[in-house]
Structures are given as structure tokens and as C-alpha cells.
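Shown below, as C-alpha cells, is a lone chain in the form predicted alone; questions about how it binds or moves come after it.
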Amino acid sequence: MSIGHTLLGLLESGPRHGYDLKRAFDEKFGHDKPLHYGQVYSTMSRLLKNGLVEVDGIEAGDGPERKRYAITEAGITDVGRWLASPEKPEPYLTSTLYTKVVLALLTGRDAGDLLDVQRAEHLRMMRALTERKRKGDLADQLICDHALFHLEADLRWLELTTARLGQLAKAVNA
């Protein structure tokens, strides 16, 4: 995810302080991984330097000055370009799980046990996401569906790899 583009998109509805941007980001996109304040302010500093935002006002308070940021026309153009460009599909050709299976076979460990433990972990996560989806609003349901579909694909791979484990053992130990 592009934090900069997401913050720019949030600014299109009107100027905001860094604190407000963090809160809006966390509410809409950061349920599982909220932004750190430092990340918000370093990103805003970069966007300011690149002419994509401007300081719309500065308020003095008890603590440090509070800058209110506004998106510029260049920022609106940049967000539009980003939204219109397709995301590159991830082929997952490098996988920690695949590496673990092959290394287990190469080192004489039981790759079947590894696959069983991983299957149980995937199923546990799927149950948790299904429960979250059941209780969530539409946005939460959609992000949970996205994750569940990926986990289902992983489970199919786990089953296929389990079925071909003997062949894979011969291939990697040849």
C-alpha cells in the first residue's frame, strides 16, 4: 500500500492535521496495522517537499505547532494517476513456506508434519477472519474476503504439495 497516496486521497475531502490523517487512515485502512505518528509526519514532509501538499495553516498550542495540510493540484493529479494504474499481480514465486518444505526435505526432517502444522494455522486464521467478517461492516467484510480467498488458495497448495511430497523429495534430493 502506498501510504503517501492514501494520505493524499484522504486530503481530497479537505485540509487536515497530521493527527486527523492518522486517525482517518487507521479507521479506514489500519485496523490490523495502524500508522505510527512518525510515519505520518515523515510522509507529509516528503509530500510537502514534492509539492503534492501545502501547509494550509499553523496553529500554536501548548505543545508543538500543529500544521494543517491541504492537497495541491499536483497532488490530486498524482492520486488520480495512482488510482488509475493497475496493481501488479503478485505471483508468489518466492515463498517462505515453499522454502521450509524444501529445506525440511533436504535436511531429512518430516515435511509432512510441517505441512500439517501450517494447514492447522491457516484454518485457525480462516476461522478468526470468518468471525471478524460476520461481525464487521461491509468494508471489513470485503477485506476479510480478500484475505480468506488468499488463504483458500494457500490451502489448495498445501494439499497439492502434500499429495506430491514423495515426488518432491526425490526431485530435491537428486
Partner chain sequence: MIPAGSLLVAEGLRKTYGPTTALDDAGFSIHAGETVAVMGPSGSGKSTLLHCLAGIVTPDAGTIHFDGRELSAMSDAERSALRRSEFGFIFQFGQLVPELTCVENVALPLRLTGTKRKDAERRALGWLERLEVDDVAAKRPGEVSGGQGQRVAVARSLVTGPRVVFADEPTGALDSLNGERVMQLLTEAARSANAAVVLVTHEARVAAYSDREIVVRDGRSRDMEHAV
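Quick caveat, the model's predicted, so the values are computed rather than measured. Positions refer to the first chain, counted from 1.
Omitted here: the form predicted in complex with its partner chain. The next part is about that form.
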query: Proximity to its partner chain in the predicted complex, single hit among L106, A120, A139, V55 (heavy atom within 4.5 Å); finding: A120
query: Contact of R134 with its partner chain in the predicted complex (heavy atom, 4.5 Å); finding: yes
query: 4.5 Å heavy atom contact, E12 to its partner chain in the predicted complex; finding: no
query: In the predicted complex, A70 touching its partner chain (heavy atom, 4.5 Å); finding: no
query: Partner contact for R124 in the predicted complex: its partner chain, 4.5 angstroms, heavy atom; finding: yes
query: Comparison of CA distance in the predicted complex with shown form for G9, A147, at least 3 Å; finding: farther
query: Residue pair L155, F29 - Cα distance in the predicted complex, closer or farther (3 Å or more); finding: closer
